[in-house]
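Let's start with one chain on its own, the form predicted alone, as structure tokens.
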Amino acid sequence: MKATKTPKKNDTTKISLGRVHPRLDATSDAPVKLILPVLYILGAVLIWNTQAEIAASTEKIEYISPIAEFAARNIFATYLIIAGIAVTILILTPIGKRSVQDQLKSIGLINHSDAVPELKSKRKDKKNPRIAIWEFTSQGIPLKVWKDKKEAIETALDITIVKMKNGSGKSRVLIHAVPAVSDLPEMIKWKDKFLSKQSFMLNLGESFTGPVTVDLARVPHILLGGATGSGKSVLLKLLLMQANKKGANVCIADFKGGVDFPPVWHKECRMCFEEQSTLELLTELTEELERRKALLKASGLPNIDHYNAATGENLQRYIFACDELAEMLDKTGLTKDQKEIVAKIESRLSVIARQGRAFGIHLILATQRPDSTILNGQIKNNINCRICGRADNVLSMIILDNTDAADQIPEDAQGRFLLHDGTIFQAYWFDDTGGI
């Protein structure tokens, strides 16, 4: 689901659209349309009780046609038919349909014949009532064109798009959206109750659709990027804190001397501050990987969870984290011996990236440096969970393989991130001064 640009509260364009087209919002039509059958029934009761008086008042009227006379003489039946048809049409016609089409036409969302997509319905998402699903006939306009015009559609319809996809066939397009005013909070403080009870499910934060999580048993490695002040380091600590509470053996490479990690981290985790100790740690982890590989092969079990359940053992998961990947892997200005050490570090990381999932050995790598030469393709291609905060085009491209983070996350946002699947979320704020 491709995520959306977070709306700014001072967006005057959207405010003016809301005033001109008050019905253009991302809420479902259903609550409004429920009134129509009620009014229809009330009207029927009123006419039934007064039909005698109405008939008496029309006795002396000369009618221009037999049809008009029949309608007047049978006012109740006439009401039931005509009002029933009108109510049915109103219920089946989305509120603001014409205004929506006018707005889409104004942003150039038309086909080669100048036909505009038609709004067929607007309803609540059954899985998440906060989200409304707008269903359109595509008029032959490919979904890619809709996605390319996502920001313009958001502005035109005064909504924040959560995702866009085809409906029943490519002739229908579904837009999942919330009102533009329903922005994510600027800060969501972490609470211990957020800790997942599922094995190695880690909570990242809140999106428009609810909590955002990553399951290390399924998606074993994480690549995290973001500019200075984006909240990248806080999110990294949030993930490591949860892993620690779940019993993982957390190892951290921090070539800034560990100043970003309070003393409690040094007690709870294994810390590495330079290349040689990091290489030694990664060598131990790759050796442990090989040991576990032999254990699982001998037992005929596919992964660490199955092995622990079947044997009653409790093999710990290992998390290797690096707060600034560039500090660890950059070879610029290094001696030959130092370059050899860094090359070996890369080799160990590649092995863990390729094979670590089944054996419970995971990587969480973070960077703020927009340098595509830092992370080799073999490591990157084996990291499926990618998260990017505020970034320029280059860093966004390195992390997500697109510039969406640069385009969709406001320059002043802190703790706002874009997941690899397009989900925008506000990360939980975790304060580690009181411990982990």
Ligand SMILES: Nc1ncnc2c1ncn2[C@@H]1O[C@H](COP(=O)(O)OP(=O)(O)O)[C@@H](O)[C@H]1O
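A residue's number is simply how far along the shown sequence it sits, counting from 1. Model, not experiment: these values are computed from the prediction.
If you look for the form predicted together with the named molecule, you will not find it shown, but the lines that follow are about it.
- Contact check for T423: no non-hydrogen atom falls within 4.5 Å of the named molecule in the model of the complex.
- By the criterion of a heavy atom within 4.5 Å, S350 is excluded from the residues contacting the named molecule in the model of the complex.
- Contact annotation: E186 falls within 4.5 Å of the named molecule in the model of the complex, judged by heavy atom distances.
- Contact check for K232: a non-hydrogen atom falls within 4.5 Å of the named molecule in the model of the complex.
- Among the residues N314, S113, T228, T335, the one placing a heavy atom within 4.5 Å of the named molecule in the model of the complex is T228.
- This chain is displayed without the named molecule, yet in the model of the complex the stretch 407-415 from 36-44, 51-59, 407-415, 64-72 comes within 4.5 Å of it by heavy atoms.
- Within 4.5 angstroms of the named molecule in the model of the complex, the stretch 415-436 places a non-hydrogen atom from each of G415, Q426, A427, Y428, W429, taken in sequence order.
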